[in-house]
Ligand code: ASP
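This document starts with one chain, in the form predicted alone, laid out as structure tokens.
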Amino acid sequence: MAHPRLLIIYTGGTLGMRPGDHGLTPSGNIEARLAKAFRQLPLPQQQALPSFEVLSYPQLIDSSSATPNNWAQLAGDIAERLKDYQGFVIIHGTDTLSWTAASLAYQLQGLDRPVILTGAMQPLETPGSDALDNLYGALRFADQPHVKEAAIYFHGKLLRGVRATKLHSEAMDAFTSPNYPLLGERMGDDIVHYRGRGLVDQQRGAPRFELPDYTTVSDGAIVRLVLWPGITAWQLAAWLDDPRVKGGILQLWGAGNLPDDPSLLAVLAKASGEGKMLVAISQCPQGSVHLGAYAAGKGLLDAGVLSGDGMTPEAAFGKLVHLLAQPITDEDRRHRFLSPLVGER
């Protein structure tokens, strides 16, 4: 028999869970369970499935427990097996699925084949579950040679991984791409890929993977601060003055507004002056920040805060994690953050 074209990597998550004494818990034996599930598909869909092998991680996780070290393991496993498979499907929990997808995009720059992440809102064996449809679509898109990036397939839609975010905690249509159009979608039994929206024309030469050691930034070195009415300088300083903090995501109001309080800017300027990398995005799911467009946000640029444009929290956080793990200068980090690397901005 020919070598299987695809590799499914099973990390855990709701899709593979089964009821336990204390609720749903990650469960193994996924290869046999997938085979049984795929036999339930209509015959034309069974025939359309590409051949695959399964790699199941020995320590399955609920995705709420995922860390940058898990992201690094996944990227390393894909890079190690790249020549053996034409595409990859990652089964992952939905809570941090978009965070993992964003990180993989940065680590696997120059990717020349599909890496499709998927999961489910209900376990595979639950009646009416979305798991089988998501798996089928993910496998079909993972077999498309013109998909050359890390993407998420969920509820009939293919989303750029570094542009996606989880929108709903219960609905089957849980993920969206607020500032970028779909890469593809399933229409009946047909898989439609919108090639003009992908990275295929931007990737040149061999993959230029960056597989850094994320250990140094996995212990709270990057913080995420969402502004609230009445935030004070001492509260901001409680996070940013800690010497263990190396960078931070600031989620501002609207197009990049900060309260009219000079002491807040002083905290940010102090942190930036100490070499801490601070970036700003909007709390609004859609649209971009424009630092300095309003007087309320003009001082941010002077304080050394970088604009994240329309990046999602996942994309901005994953990029900070990635850049701070690189052996490069602060100036290079800042330049690379402001430059689009994998279609994230």
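The structure displayed is predicted, hence computed values, not measured ones. All residue numbers refer to positions in the sequence shown, first residue = 1.
There is another form of this protein, the form predicted together with the ligand, and it is not shown here; the text below is about that form.
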| property | result |
| --- | --- |
| Which of 315 to 323, 58 to 66, 45 to 53, 285 to 293 lines the interface with the ligand in the model of the complex (heavy atom within 4.5 Å) | 58 to 66 |
| Site check 98, 164 and 176: each within 4.5 Å of the ligand in the model of the complex by heavy atom | no |
| Option touching the ligand, based on a heavy atom within 4.5 Å in the model of the complex, out of 94, 257, 144, 272 | 94 |
| The ligand: the contacting residue among 120, 108, 89, 74 in the model of the complex [heavy atom, 4.5 Å] | 120 |
| Residue 9 within 4.5 Å of the ligand in the model of the complex, heavy atoms | no |
| Partner contacts for 16 to 50, taking the ligand in the model of the complex and a 4.5 Å heavy atom cut-off | 17 |
